[in-house]
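Below sits a lone chain in structure tokens, taken as the form predicted on its own.
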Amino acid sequence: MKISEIVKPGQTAFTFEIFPPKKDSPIETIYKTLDGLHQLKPDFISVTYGAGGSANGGNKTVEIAQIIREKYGIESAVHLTCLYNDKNDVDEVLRDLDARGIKNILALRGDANPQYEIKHDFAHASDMISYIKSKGDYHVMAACYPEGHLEAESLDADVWNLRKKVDAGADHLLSQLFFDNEAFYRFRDKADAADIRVPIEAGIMPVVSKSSIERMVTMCGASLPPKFTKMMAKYENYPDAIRDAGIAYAIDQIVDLASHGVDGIHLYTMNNPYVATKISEAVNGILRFDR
């Protein structure tokens, strides 16, 4: 089933992201994560994609997506990156998805990794989106960046690139993590001005440790509001306190976003059912208000 058949216009989606086990770990290790997440009844769960093309993580991603659908009864989506996949690789993945009844794809450029060979069939995510759309009836999602992609000249230029993804066929957008809701609202206004008319889900990542947030901010360039930095400074040396403070901060973000009519919340779970459960318990009534 396509995601567009699950979440209707005017409803607030609540969705999760998980990542596959490490390459040398059995796929069954994901069951502990899914056992904790499925009872929260997200609208769908997306599964990240291993770098290096279909031979380096893609099959495990697709297999987990099938487990989510068949064992847990939740719709799933697979990430697919264009840096490490050529047209033959994408064709292979699409055949696998078709065989497993999976119709939802998050098409990404991906991050460069010197360990793997970069392929050149798709220079940008928009190129791969157009190609996937030409191959079948898929619900294709794309990434967006509320504060602009690190490589973009400006936020305006990045929104223009986003418009190219939508024109190429993107049905739905999932945002990079952010900690300043005002930045998301500014971005949403710019997207609206650029005539981008597809759902935009806000990506929320709960802070569970100082090291995790430092790593993610370095990778994506998210700004840190004073409220957030004060929280980090006060609790950074107390693991339980920073976890609970991070959960509370994420809940506060979600409540504010919902009150501003966000299309959806995409929760980066980091495979942590405890954190996802605490957040879901606090916001479920708010996000399901319009159901």
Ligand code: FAD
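Numbering starts at 1 and follows the sequence shown. All figures in this text were calculated on a predicted structure; none of them were measured in a lab.
What comes next is about the form predicted in complex with this ligand, which is not displayed.
* Might His149 be said to contact this ligand in the predicted complex, defining contact as any heavy atom within 4.5 Å? -> Yes - in the predicted complex, heavy atoms of His149 and this ligand come within 4.5 Å of each other.
* Decide whether Phe14 counts as a contact residue for this ligand in the predicted complex under a heavy atom distance cut-off of 4.5 Å. => Looking in the predicted complex, residue contacts with this ligand do not include Phe14, since no heavy atom lies within 4.5 Å.
* **His79 within 4.5 Å of this ligand in the predicted complex, heavy atoms** => So His79 counts as contacting this ligand.
* Should Asp98 be counted as a contact of this ligand in the predicted complex, where contact means heavy atoms within 4.5 Å? -> Residue-level check for Asp98: no, no contact with this ligand.
* Could you check which residue among Val198, Val208, Ala183, Ala143 gets a heavy atom within 4.5 Å of this ligand in the predicted complex? => Comparing distances to this ligand in the predicted complex, the residue within 4.5 Å is Ala143.
* Asked: Heavy atom within 4.5 Å of this ligand in the predicted complex: which of Leu108, Met216, Ala191, Leu94?
  -> Here the answer is residue option Leu108.
* So which stretch, 208 to 216, 68 to 76, 183 to 191, 121 to 129, is the one near this ligand in the predicted complex (non-hydrogen atoms, 4.5 Å)? -> Checking each option against the 4.5 Å cut-off leaves 121 to 129.
* To do: Tell me whether Phe44, Met270 and Arg288, taken together, all sit within 4.5 Å of this ligand in the predicted complex, counting heavy atoms only.
  => Contact check failed for every one of Phe44, Met270 and Arg288.
* To do: Any residue of 154 to 183 with a heavy atom within 4.5 Å of this ligand in the predicted complex counts; write them all down in order.
  => Result: Asp158, Asn161, Lys164, Lys165, Leu174, Ser175, Gln176.
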